[in-house]
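Here we start with a single chain on its own, the form predicted alone, put down as structure tokens.
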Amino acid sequence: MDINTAYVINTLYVLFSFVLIIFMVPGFAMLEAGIVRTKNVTAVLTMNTMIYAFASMGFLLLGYNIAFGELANDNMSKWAALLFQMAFVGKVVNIMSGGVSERAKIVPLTFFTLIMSSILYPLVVNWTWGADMLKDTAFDLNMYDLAGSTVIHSVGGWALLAAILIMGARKGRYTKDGGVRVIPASNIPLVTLGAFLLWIGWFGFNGGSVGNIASKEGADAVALTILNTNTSGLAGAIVAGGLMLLKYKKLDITMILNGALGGLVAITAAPDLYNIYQPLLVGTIGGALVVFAVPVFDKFRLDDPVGALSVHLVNGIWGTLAVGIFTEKLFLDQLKGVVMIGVFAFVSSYAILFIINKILPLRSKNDEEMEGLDVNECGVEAYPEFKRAF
């Protein structure tokens, strides 16, 4: 194929993948809006909008240069490559925002979004996908992570864990005797819509990361990557549903959807390296991990309304390690990457959030939380005709 034709085809494909990834913005927004109580829906939607805007701008102005250095790409337009990488960055903070919803203030989290997208996340990308400032040092990472089981999902999960430790749980979530009070989702159709938008976006997330579709080999690699991505999500949903039926005699749609998302996170590290059957096992374990991890986090009073710790942190780790189990990649290289990036992401996020919290409190006041963040943070209620639940 003519080199110019291949360049154009790759550019068009990556731009299409960029659009699919941007579908994950309303995906996160709808999922979170459906999970939280009606009095906090506008705040969640506003936070997701701010994350997209500020994370993209921070990465455009500073983060991309830290991650990759000069804008250069022989395979496709350098502007398409920039857009594709920019689409990823907001997802790191999206993972975090849902887990601290219903008590987090928007402005301080927006400041953290800027720092994460401009400095912290780009440094992780530099060490893994980018310019590699750690090359030829003892800290050089040889971890394989095609589309970010660790680079994106675990980093967002570690930042979320840091935020929850600083902010604490929602009022009334845990009883004094150690019990867990269920706070039901406000809109299950929105949760379902959001989860499926994320699922669709994952095809661009993983498929676009292959980077080359303008050859027979490239087209096969993209198709295999998308097939394996979908398979792992299917396995995660089926296993999560089956386990919920066995444990509780109920089919919990929120857990089934989180099982699917867990499978999708887990496969993200290497969907291009597996055969068409290995993703069944990767996704099966991913869905099971979600079901078992949610109550474990509750035991430690880590209040995560959307289950992001179980979906993104736990399965980000599992998916990265699975590459060292099911492929020829070295397990120790995968483990080293998980540990190094995990320590950096958690410690740096905790330190920055701690400082921000001293200047601008991350958490709303008790009376604001009880009344709802829509009124106090946004001045606009999502469902003004409904009587708010206190």
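Remember, it's a predicted structure, so these values are computed and weren't measured experimentally. Note that residue numbering begins at 1 and tracks the sequence as displayed.
Keep in mind the form predicted together with another copy of the chain is missing from the figure; the text below concerns it.
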Non-hydrogen atom within 4.5 Å of another copy of the chain in the predicted bound form for each of 200, 213 and 380: yes
Find the only residue in 224, 141, 115, 163 having a heavy atom within 4.5 Å of another copy of the chain in the predicted bound form. 224
Another copy of the chain in the predicted bound form has a heavy atom of only one listed residue within 4.5 Å, and of 133, 119, 302, 107 that residue is 107
Just to confirm, residue 28 within 4.5 Å of another copy of the chain in the predicted bound form by heavy atoms? no
Answer with yes or no whether residue 292 is in contact with another copy of the chain in the predicted bound form, where contact means some heavy atom within 4.5 Å. no
Proximity of residue 180 to another copy of the chain in the predicted bound form, heavy atoms at 4.5 Å: no
Could you tell me if residue 172 has a non-hydrogen atom within 4.5 Å of another copy of the chain in the predicted bound form? no
Residue stretch of 184 to 192, 133 to 141, 149 to 157, 305 to 313 approaching another copy of the chain in the predicted bound form, non-hydrogen atom distance within 4.5 Å: 184 to 192
Using a 4.5 Å cut-off on heavy atoms, which residues of 33 to 48 contact another copy of the chain in the predicted bound form? 37, 38, 41, 42, 45, 46
